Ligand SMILES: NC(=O)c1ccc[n+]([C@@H]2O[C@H](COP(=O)([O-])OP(=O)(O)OC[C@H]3O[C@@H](n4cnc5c(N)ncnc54)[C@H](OP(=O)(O)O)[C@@H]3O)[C@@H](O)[C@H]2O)c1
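What follows is a single chain, given as C-alpha cells, in the form predicted alone.
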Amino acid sequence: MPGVSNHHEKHLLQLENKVNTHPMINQVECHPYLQQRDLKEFCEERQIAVTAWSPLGKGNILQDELVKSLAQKHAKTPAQIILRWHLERNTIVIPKSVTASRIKENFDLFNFRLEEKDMEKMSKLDCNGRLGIDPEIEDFRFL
C-alpha cells in the first residue's frame, strides 16, 4: 500500500478497517513545536514510517533560544539541530530548499548527535504549535 498524508490515529484506523491493511508511510506536520508523540507511537506500533511535513516549522523555530543555544553548543546551525532532532526521533525528514548552501548544510547532519539531555530539552518545546490545517476539522478533505 502507498503512503498517506495528514492521517491521524482515527483516520488510520478507519483506513485499516476498510481495507484491512495500513499505509507504509504517513506524512504529517511535525516539528519541535508540534511533535505528534502519540501519533508517532501509533505509527511505530504499526510499522508506518512518519515523514515530517514542515520539519523546520516554516522557519519559525530557527529563532528559538533553546535551538540557538544547542546550535552554538554543537557548532551547528539551528536548522541542523532541528533536522538532527528529527532523525534521532526516527522521523523521515525532507527539508525544502532551493539554495545550494542550505541544501549542503541540510546534509551535514551525520557527524554529531544530540545528547539525551538535549533531546529532553527539545521535547519541552512542544506547544501544539500547528501551522497547517488540522486534519481533525470536520470538513478536512483527504484527496
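Just count from 1 along the sequence shown to find any residue number. Keep in mind that what you see is a predicted model, and the values were worked out from it rather than measured.
There is another form of this protein, the form predicted in complex with this ligand, and it is not shown here; the text below is about that form.
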query	finding
Candidate stretches 46 to 54, 114 to 122, 33 to 41, 64 to 72, one within 4.5 Å of this ligand in the predicted complex by heavy atom	46 to 54
Contact flag, E88 vs this ligand in the predicted complex, heavy atom cut 4.5 Å	no
This ligand contact in the predicted complex: A79, any heavy atom under 4.5 Å	yes
Residues within stretch 100 to 122 having a non-hydrogen atom within 4.5 Å of this ligand in the predicted complex	R102, E105, N106
